[in-house]
Ligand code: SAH
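The data below hold one chain only, encoded as structure tokens and taken in the form predicted alone.
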Amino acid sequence: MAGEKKLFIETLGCAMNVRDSEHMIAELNEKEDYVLTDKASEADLILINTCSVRERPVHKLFSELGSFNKHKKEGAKIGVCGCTASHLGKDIIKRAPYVNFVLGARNVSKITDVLHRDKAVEVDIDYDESQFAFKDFRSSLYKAYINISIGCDKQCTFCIVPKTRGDEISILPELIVNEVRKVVSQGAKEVFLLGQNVNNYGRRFSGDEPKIDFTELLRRVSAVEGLERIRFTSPHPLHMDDAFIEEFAANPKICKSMHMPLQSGSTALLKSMKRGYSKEWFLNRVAKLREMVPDVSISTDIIVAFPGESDEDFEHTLDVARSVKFEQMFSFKYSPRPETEAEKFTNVVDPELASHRLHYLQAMQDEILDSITAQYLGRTFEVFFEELRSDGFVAGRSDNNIMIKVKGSEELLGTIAKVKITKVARLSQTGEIVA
């Protein structure tokens, strides 16, 4: 098509970054006639949508930028977006002068503006785009990511997100429900509700609106006709009250998987992290979940070797992991982040000890996962197929978030079928469709 330009975009980090990338793709396609390419060397515009939660993705950014600059075609522009853009701002252009613009995570709607202002830097974390009407683009025909809030009001001492995404603002419920209706009318069967702390929804709207909480939002979303599945991430353990858990258990459209970021099993360290809950509260919420939804899968995030972590503190984390038996665990060594309170903490854990603890935790989790997956063999799950693989398999997830693949073709995409597990593994199960 005459006049079309090519866009290459690399997305690092969380599901919210994925949705931000979708927004930018939609705006650039609709207003600037860009079409996607998977080859950076043929792109007219190269975007890196960055993550800054840990140190490694930040280092990767400048390595990637150098590579893109070396291999880009003549005249191509490079833009840096996302959370690292928010906290480094103009320093990115100082370190990489060939970068054409920098766009922070709270300024996604400005993408078509900065595109035409060389060396533009837009990183205002107070900018409110909660009611901006983005153009439409989704990576999948069968499921849709939908933001329900932007920003974060927590003050976790290890986390840079409030400095990159700003204060928390909830998106108006009618806008969310209308978007759910739209994507369902376009063929989506599953929606994934996104926010830094989804179950803190309703704390603040951009205008004077009637307040509703996340539990009520779930009820309104589930009332959309044609919608079959609802997922969300990430709920905060502090806000997992009984009403929320009871709605999670009783609502048949809500998928029975819960991400509960533990961070540490030590109440003393949780206090130092300013997480707002204790080990006992976390285990109490898990017990209620297991009681009401016996087949629920629970995933978590854990930081090993946070400043001041003693052997006893680490043992508390191991105790929670053994007790809960998480179906999935994202575990990392503590990484000091700029502009966070913990960056100034001096009681740093020895790096060698930190590595040993992380290895021990991950090895233990592998054993737990092996025992969990062994129990899947011969069981039957309802699977929503959404991914066509190159090896002749089609993959999808069960209601409780088990990744399952079967031999099949693209005709299975967007369908739900019962699958009996015939082969188990840690990351993905293999099965056969049953009548």
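Start at 1 with the first residue shown and count on from there. From a predicted model like this one, the values you see are computed outputs, not experimental measurements.
Same protein, other form: the form predicted together with ligand SAH, not shown, and the subject of what follows.
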*in the predicted bound form, which of the listed residues (A144, V161, I92, I148) lies with a heavy atom within 4.5 Å of ligand SAH?*
V161
*asked:* Give me the residue from K333, K271, K288, R181 that has a heavy atom within 4.5 Å of ligand SAH in the predicted bound form.
replied: K333
*Give a yes or no for R337: in the predicted bound form, does one of its heavy atoms lie within 4.5 Å of a heavy atom belonging to ligand SAH?*
yes
*State yes or no: in the predicted bound form, is some non-hydrogen atom of I298 no more than 4.5 angstroms from a non-hydrogen atom of ligand SAH?*
no
_V53, heavy atom within 4.5 angstroms of ligand SAH in the predicted bound form_ = yes
*asked:* Can you tell me if A76 lies within 4.5 angstroms of ligand SAH in the predicted bound form, counting non-hydrogen atoms only?
replied: no
*For the chain seen here without its partner, which of 76-84, 219-227, 135-143, 151-159 has a heavy atom within 4.5 Å of ligand SAH in the predicted bound form?*
151-159
*4.5 Å heavy atom contact with ligand SAH in the predicted bound form for all of S234, P261 and I303*: yes
